[in-house]
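The chain below stands alone and is given in structure tokens; this is the form predicted alone.
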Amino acid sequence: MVEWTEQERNIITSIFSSLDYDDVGPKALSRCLIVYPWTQRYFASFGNLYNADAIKTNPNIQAHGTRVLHGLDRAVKNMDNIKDTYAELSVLHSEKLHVDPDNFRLLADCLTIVIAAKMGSGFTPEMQATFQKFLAVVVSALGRQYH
């Protein structure tokens, strides 16, 4: 189990309370699909993903990016039990969707980049360390079914 300080909890809550989910989620997912094109194979049913512009303007990608970011709300609300919170999603992604668990880490990295760009100098090294700790726990929970 991961230990969270009160300061870390406050940082995570503060970051998420300041996010525009409809902006940040799609940008993070789009970045992941553009920078790591092999991740596109999981989104074949989403339509045109032939180039960066097509990905960035694809309504299915935008909707899923927002959905993913809202999915992180579950972890924010259940920071003491993230692994159990994502148990069903882990099963879905491993057994039905067959998603390579490393892709969760890639998306987490892209999300960190997008948030850092949005927050600018407000995204201090301490905030980044806490945010990356949080995402590492989520990534571990999502990959749990694979172990």
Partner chain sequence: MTSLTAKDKNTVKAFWAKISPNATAIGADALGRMLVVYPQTKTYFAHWKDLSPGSAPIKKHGATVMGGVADAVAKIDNLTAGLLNLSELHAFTLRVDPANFKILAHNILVVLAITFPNDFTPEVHVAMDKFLSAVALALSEKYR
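As the structure is a computational prediction, the values presented were derived from the model and not from experiment. Positions refer to the first chain, counted from 1.
Only in words, not in the display: the form predicted in complex with its partner chain, which the text now covers.
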Checklist entry - Is there a heavy atom of residue 66 lying 4.5 Å or less from a heavy atom of its partner chain in the model of the complex? => result no
Next on the checklist: Contact with its partner chain in the model of the complex for residue 34, defined as at least one heavy atom pair within 4.5 Å: yes or no?
Outcome noted: yes
Checklist entry - Can any non-hydrogen atom of residue 129 be found within 4.5 angstroms of its partner chain in the model of the complex? => result yes
Checklist entry - So in the model of the complex, does any heavy atom of residue 16 sit within 4.5 Å of its partner chain? => result no
Next on the checklist: Only one of these stretches, 111 to 119, 57 to 65, 39 to 47, 76 to 84, has heavy atoms within 4.5 Å of its partner chain in the model of the complex; which one is it?
Outcome noted: 111 to 119
